[in-house]
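Presented as structure tokens, the chain that follows is alone, the form predicted on its own.
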Amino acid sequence: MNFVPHRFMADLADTDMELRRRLVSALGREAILDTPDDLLAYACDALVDAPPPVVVVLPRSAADVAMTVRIAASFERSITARGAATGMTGGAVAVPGGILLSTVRMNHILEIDPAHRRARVQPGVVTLDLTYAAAPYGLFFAPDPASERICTIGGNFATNAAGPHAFAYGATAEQVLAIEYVDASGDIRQSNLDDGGIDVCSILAGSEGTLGIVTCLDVRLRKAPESICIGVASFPDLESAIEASTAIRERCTAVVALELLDELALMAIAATSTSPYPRNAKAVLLIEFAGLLEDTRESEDRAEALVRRYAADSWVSTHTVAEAQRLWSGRHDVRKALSRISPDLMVCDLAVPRSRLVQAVRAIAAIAKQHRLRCSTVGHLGDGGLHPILLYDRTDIDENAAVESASNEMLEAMLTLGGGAGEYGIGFTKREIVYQQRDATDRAALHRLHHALDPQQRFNPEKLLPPRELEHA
């Protein structure tokens, strides 16, 4: 999928060299990438191709970010912040003539405060690294998106990423207690939930770097549970699995994750390794219980009874760490498994009210069938997140067009059901569909907020909202 922006398109080549010289003078040669090969490496995210940025900046501190923002303003250039670029919506690619600011060197865990169960981190810290660092204190960082082994906390904050355990613990925004950020004037500012007043943390969460560039975050750590149990139930069809998940969610108090895998995902996993799941299953629920030992045991027993009531073919459970990791590994590696049976994948990111999950999977299957595409649907049933994965060949023009149409139609179907885009962000690939579903009052309010915090629209332009003359908002 290609990025075709329509702002900042003037011929800026005559000032490119001076811009680079200013940045080198201010930040040092080691902080600047400007060779064609280097720039090309920053011209895409996990799915979207874009024109290369005019320069890549690698700051180490908030002061470096502030200086970059001020220099960008003096040259009337846009600036796009980027974490690990694991997103699939074009949210972390620059527009032509724009500066790309990578947080790859802002990757330090500055403090872990076990007494208050919090940590201070730079935005480039890899998500899973924080949980590893907190583990010796009996703590963990709750957000666990599928890319947690490579994605960054700053990127998670930018899209308000979630993961399987968001059902119990909340998405990234709910873990952030304070932020330091650089505003559109190039000033370094702080916002702390303890200070009262306007909650700037929540305003910037999910804004994909369009309202400010976060340079430091104080995040909540949680106490590791006394007991963890993983249960796996197989079903004859997806709808039975979904109905069972509803009963488990309502009646098992210790459940913290409810994951769905469909038949195609299970076949792909079985083809690439020794599958931890039952063979020939049409659908699988992966269920995690956590808390006091007595509570997890009670929920485990109740869940077994419930899944059998909803026609489960099998049930297994474990309390051992090694076996739990093996069961989770299959869920985490779904994309890798599917990529071995298809040259290309399009991972759709959808959310729907949990009461509409059955209708949602029916709509997804119908759309995929209409476009003659193979589709694997996995998801987080705890909070209604679904990830249809379309298998295709990007060198096939017809399949390319079918995938783009199908992914848009799936998003529109979720909006009709009262849902919408999920946890991967909106970027520019989803912005038109999501925007058109908002009423005029919401649109005007969003544009006014954007104008108030970034009057010149220099922070990550073309994302979240379609370009619009702000005075008409």
Partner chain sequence: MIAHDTLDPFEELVTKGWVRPPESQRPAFPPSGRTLRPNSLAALVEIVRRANHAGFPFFFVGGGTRLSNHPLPVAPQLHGQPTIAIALDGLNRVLEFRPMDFTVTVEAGIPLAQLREQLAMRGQTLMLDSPHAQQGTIGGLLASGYAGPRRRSLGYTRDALLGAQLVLADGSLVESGGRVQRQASGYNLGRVMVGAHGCLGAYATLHLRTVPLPETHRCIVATLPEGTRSRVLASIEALPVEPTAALLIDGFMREIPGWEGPDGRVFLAFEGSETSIARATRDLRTALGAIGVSETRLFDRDAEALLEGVINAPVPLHHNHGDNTATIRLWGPPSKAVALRNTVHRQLGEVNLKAETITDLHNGDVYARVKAFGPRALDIAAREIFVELAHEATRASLLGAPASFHDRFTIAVNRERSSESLVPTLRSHFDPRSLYAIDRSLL
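Numbering follows the first chain given and starts at 1. Just so you know, these numbers come straight off a predicted model, no measurement behind them.
Omitted from view is the form predicted together with its partner chain, to which the following refers.
Site annotation in the predicted bound form: the residue of 362, 120, 117, 374 reaching within 4.5 Å of its partner chain with a heavy atom is 117. With the partner omitted here, the residue from 351, 312, 345, 95 that has a non-hydrogen atom within 4.5 angstroms of its partner chain in the predicted bound form is 351. Taking the partner from elsewhere, residue 23 is found to have every heavy atom lying beyond 4.5 Å of its partner chain in the predicted bound form. Among residues of the shown chain, residue 60 is not one whose heavy atoms approach its partner chain to within 4.5 Å in the predicted bound form.
Contact check for residue 426: a non-hydrogen atom falls within 4.5 Å of its partner chain in the predicted bound form. Although the partner is absent here, residue 177 lies within 4.5 Å of its partner chain in the predicted bound form, judged by heavy atoms.
Highlighted residues 151, 329 and 401: none comes within 4.5 Å of its partner chain in the predicted bound form, counting any heavy atom. Stretch 288 to 296 is the contacting one of 262 to 270, 288 to 296, 334 to 342, 316 to 324, since its residues have non-hydrogen atoms within 4.5 Å of its partner chain in the predicted bound form.
With contact defined as any non-hydrogen atom lying within 4.5 angstroms of its partner chain in the predicted bound form, the contacting residues in 211 to 249 are 211, 220, 222, 223, 226, 246, 249, given in sequence order.
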